[in-house]
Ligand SMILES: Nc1ncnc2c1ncn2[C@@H]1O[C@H](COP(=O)(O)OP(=O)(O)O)[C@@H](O)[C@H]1O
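This document opens with one chain alone, in structure tokens, the form predicted alone.
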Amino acid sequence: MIRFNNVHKAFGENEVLRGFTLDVNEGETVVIIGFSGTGKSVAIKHLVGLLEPDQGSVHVDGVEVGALTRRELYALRAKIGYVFQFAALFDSLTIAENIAMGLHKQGHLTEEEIPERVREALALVDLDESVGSKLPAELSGGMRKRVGIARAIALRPKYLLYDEPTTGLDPVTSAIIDDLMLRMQRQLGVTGIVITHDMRSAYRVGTRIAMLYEGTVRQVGTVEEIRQSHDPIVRQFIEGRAELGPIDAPEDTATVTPPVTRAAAPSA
């Protein structure tokens, strides 16, 4: 289970999160929606220790992320797969090498076992193993998205974080990515958090949907509860009218991570 409890985060005078509270139960997929710049990506970066809250706490499986030693934080990150908005593949590496990189770093598999895990991950996202020898530039945007998911699931994570998984894709390819996210939940049993502006995708993949507005959760509910919401801000967003525009700083404010002070890891 993931729990955000009254999380506050500011960058200088810019308050991005202002009491963000949300529970994500095991086995569900929670979709976080909101206008650009409202802190959605900032929120999930707290899960992997890239950011620490100024106030409040973030817990994963009952353990507070901010209290972990460096070694414990690495162990936590091994349980969390991150699917980046634009796949974030290394252009100079083949697809197989991109997927295998985390497996080599994790160190749980032998050199003989890694290629088989790569093939398994590709198969789970409906890509033939021949794709493994290609470079990212040789693939379509939709295929690169699938590779991003394959790289994340190759590590056998308990949790998957998706950052704008359907951005820049046509409706047919977006539907394929939605189906893959549903498969990850049903076939692998992973718990997911999806950040998206795409309400069609949110309605398809979400167990629950939470709207982040002015740094806090404006409304959270089932797909049907959000679809039928009478809240004027929620309706404005889901109907595609964005006259209010961004409320907080652009979300990539958080790409520069402030120094993190942690307790020293125990010696080996």
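This is a predicted model, so every value here is computed, not measured. Position 1 is the first residue in the sequence shown; the rest follow in order.
The same protein also exists as the form predicted in complex with the ligand; that form is not shown, yet it is the one meant from here on.
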query: Contact flag, F35 vs the ligand in the predicted complex, heavy atom cut 4.5 Å; finding: yes
query: Touches the ligand in the predicted complex: N25 (any heavy atom, 4.5 Å); finding: no
query: Residue contact check: A210 to the ligand in the predicted complex, 4.5 Å heavy atom; finding: no
query: Contact label in the predicted complex: V58 to the ligand, heavy atom within 4.5 Å; finding: no
query: Proximity to the ligand in the predicted complex (heavy atom, within 4.5 Å), stretch among 63 to 71, 38 to 46, 199 to 207, 227 to 235; finding: 38 to 46
query: Residues of 1 to 35 having any heavy atom within 4.5 Å of the ligand in the predicted complex, listed in sequence order; finding: F11, N14, V16, F35
